[in-house]
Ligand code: LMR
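Single chain ahead, written as structure tokens, the form predicted on its own.
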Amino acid sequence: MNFRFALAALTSAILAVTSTASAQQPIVIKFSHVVAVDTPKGKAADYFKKLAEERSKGRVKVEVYPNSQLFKDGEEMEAVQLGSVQMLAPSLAKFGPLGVREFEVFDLPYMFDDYAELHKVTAGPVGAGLFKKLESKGIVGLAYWDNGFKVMSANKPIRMPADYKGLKMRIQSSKVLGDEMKALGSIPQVMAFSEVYQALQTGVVDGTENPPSNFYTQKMQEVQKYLALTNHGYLGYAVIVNKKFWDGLPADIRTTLEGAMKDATKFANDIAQKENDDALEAVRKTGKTEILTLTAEQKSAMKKALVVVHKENESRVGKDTLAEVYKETGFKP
């Protein structure tokens, strides 16, 4: 009898230890992105990791995978839907191909004059309404992160619309961005971000558009002779999470992560402008890429050539969405 009691006690002890160990296993969040660690998005992802792990007291472990280590541009959206990764911060252009075309309103050229106008949209009811549309795709939108305003690059001077004629320009997969390049007379080339440097180096494409931080951290100054400060479009990200995973988290953990994301978002948006200014200065110092500042006349010509894209894509992004954004920003087409 004593032996049976001892065996039962031992079994209970083993189960208790196993249960305790299991309870102590952290919740793992794989956070994948396609840019370098030292970009605004890369730094913000690492900051979110730090806050989430500290505030959850080790109950959450965030594994950040930068530079397309896990998935490339064209693969990551499917990966988060399938649960292969839990969290992404894809550029806003990625949601059009997913079937939520309203997000392509952010790709429209010269839509926002500055961050203040932009944040009226992302931090307001328009941004929240767009996130709501992702839930049917198995995705929850958590935050909008800025990168910055885009500049154009090529291996010839590009100051006026006519300078773009015939150039093969790399873009993300977005019909709006394709129409933008066509409006300039160039040939849009959809390509994964991780492949752009080699494509520029080998002449597969002639140029591209990027915020300065992406241009510099991908060393594009080594393969592009000119950078025009067009500031013609915005590149931002939406931090998203697999809905099934998110809904299945303990309520207190979800609250902790929401707080960490809120603070990481402020961090991301605070550093975006400075990171791009610093990157531009770093490009200038290399002496490899000539930076072209457009005159008022040149900027006006670019704007005139590109705003036609708004009307062309009105039915695609939704007339109501467009009207809501115009109302928030004061834009007059």
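Since the structure is predicted, the reported quantities are computational estimates derived from the model, not experimental observations. One rule holds for the numbers: they count along the sequence shown, beginning at 1.
This next part talks about the form predicted together with the named molecule, which is not shown.
For the residues Ser174, Thr122, Asn210, Gln224, the 4.5 Å heavy atom test against the named molecule in the predicted complex is passed only by Asn210. Checked against the named molecule in the predicted complex, the residues Phe103, Phe193, Trp145, Phe112 give one hit for a heavy atom within 4.5 Å, which is Phe193. When the named molecule is considered in the predicted complex, Ser153 lies well away from it, no heavy atom lying within 4.5 Å.
Contact annotation: Val34 falls within 4.5 Å of the named molecule in the predicted complex, judged by heavy atom distances.
Within this chain, Arg159 is remote from the site of the named molecule in the predicted complex, having no heavy atom within 4.5 Å.
Proximity of Tyr237 to the named molecule in the predicted complex falls within the 4.5 Å heavy atom cutoff.
Proximity to the named molecule in the predicted complex holds for all of Ser91, Lys94 and Asn214, with the criterion being a heavy atom within 4.5 Å.
Figure note: of the listed segments 301 to 309, 284 to 292, 51 to 59, 35 to 43, the one touching the named molecule in the predicted complex, with heavy atoms no more than 4.5 Å away, is 35 to 43. With contact defined as any non-hydrogen atom lying within 4.5 angstroms of the named molecule in the predicted complex, Asp73 is the only contacting residue in 56 to 73.
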